[in-house]
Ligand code: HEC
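Just the one chain here, laid out as structure tokens, in the form predicted on its own.
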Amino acid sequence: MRKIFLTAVAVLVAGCGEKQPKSDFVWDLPKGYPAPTVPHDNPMTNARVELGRYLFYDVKLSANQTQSCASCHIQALAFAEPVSVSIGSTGHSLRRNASSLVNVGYNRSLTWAHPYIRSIERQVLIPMFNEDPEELGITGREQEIMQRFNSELYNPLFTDAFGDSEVTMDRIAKSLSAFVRSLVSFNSRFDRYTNAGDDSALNESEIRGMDLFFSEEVDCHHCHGGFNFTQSINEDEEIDEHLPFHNIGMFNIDGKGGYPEEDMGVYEITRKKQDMGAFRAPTLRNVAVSAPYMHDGSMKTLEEVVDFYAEGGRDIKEGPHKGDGRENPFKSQFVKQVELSEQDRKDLVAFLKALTDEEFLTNPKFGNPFFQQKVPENGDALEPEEITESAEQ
């Protein structure tokens, strides 16, 4: 992590002297909702967002040209992926589930368990330069990879975004960050019910589930509250930097609150006992399509997640991780056993499914630019056709 941090500093400092353009990006937000916080040295422009979209989907950004950012962050799955933990470009398993990128521009902190990574510009460097294990595998091959984007396709994109066609890692990081920051989602049926005055948007079961979700008895909203269903919101006022992170009682392998050595959460960064097993509470927007769940992808369905929280944690009866997580001394006060009927559980799941924004999952402005949809004269859609020149490796 220290090497990645030093690389991040070097990359970001390299672009500090550039003159920045005025923002021409228009946020598509409901009335009264704030725009994500944007750093002064990377204003949101349509050109940077578009360049970032191309880079996000381009396998040329990985050293061996086998993966892109989109390999682990799939639009139809809320920019998550359907496997427990991600696999890097060299075939090695990472230790955590790929986080959904829904509304990530609002997050006060990034990644599952690092309270001090607070900008997307810094976070995107982790998959780019991580070496243990490798993800995109850029470290040591920066010049080779940058040269790949000195092309007929990318030269005008870089010029539009930065004023000239020079390719730098700083510009790549900033463009990727601009695109990721543009991924906003506020058009679920829940939003239409609460913000657009559409009383028919939710059915009776979903409304009962919503009432349970926001009740003091069930307490979901204390960790998944606010307009983005998470405490990890980048607000103007100073708040406790550890507020978005919670130990939810997944493990208690030594009876003293211990988590597996391979992933101890925020404790790995702070070395404070109270941070053992603490992970960020992610947004629940589009959660129905972003399975599997938890930092390790160990829960496959929303029903399993609801059952876990109803029990107040997890009691592992045997194996190397044996222990009663419900009794973890570092567990959040908001994770407690609650009595839920079968109907209550169904209603909660129904409400969580109502947080799906179908438009977001299919919006072409967030989609792969290397594929185009061709529609014949009779109006029947054809399969997407790859744009050969743009997708060359």
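We number the residues from 1 along the sequence you see. Predicted model, so just to flag it, every value in this text is computed and none were measured.
The same protein also has a form predicted together with this ligand, omitted here; what follows describes it.
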> Going by a heavy atom distance of 4.5 Å, is Ser151 a contact of this ligand in the predicted complex?
Replying inline: no
> Are any of the heavy atoms in Ser86 no more than 4.5 Å from a heavy atom of this ligand in the predicted complex?
Replying inline: yes
>> I'd like to check something about Val104: if you look in the predicted complex, is any of its heavy atoms closer than or equal to 4.5 Å to a heavy atom of this ligand?
In response: yes
> So, in the predicted complex, is Phe366 in contact with this ligand at a 4.5 angstroms heavy atom limit?
Replying inline: no
>> Just to confirm, with a 4.5 Å cut-off on non-hydrogen atoms, which of Val184, Cys72, Ala161, Met276 contacts this ligand in the predicted complex?
In response: Cys72
> What is the one choice in Asp219, Glu142, Asp191, Asp170 with a heavy atom within 4.5 Å of this ligand in the predicted complex?
Replying inline: Asp219
> this ligand in the predicted complex: within 4.5 Å of a heavy atom of each of Val180, Ser332 and Leu352?
Replying inline: yes
>> The chain here is shown without this ligand. Which stretch in 200-208, 118-126, 316-324, 152-160 comes within 4.5 angstroms of it in the predicted complex, by heavy atom distance?
In response: 118-126
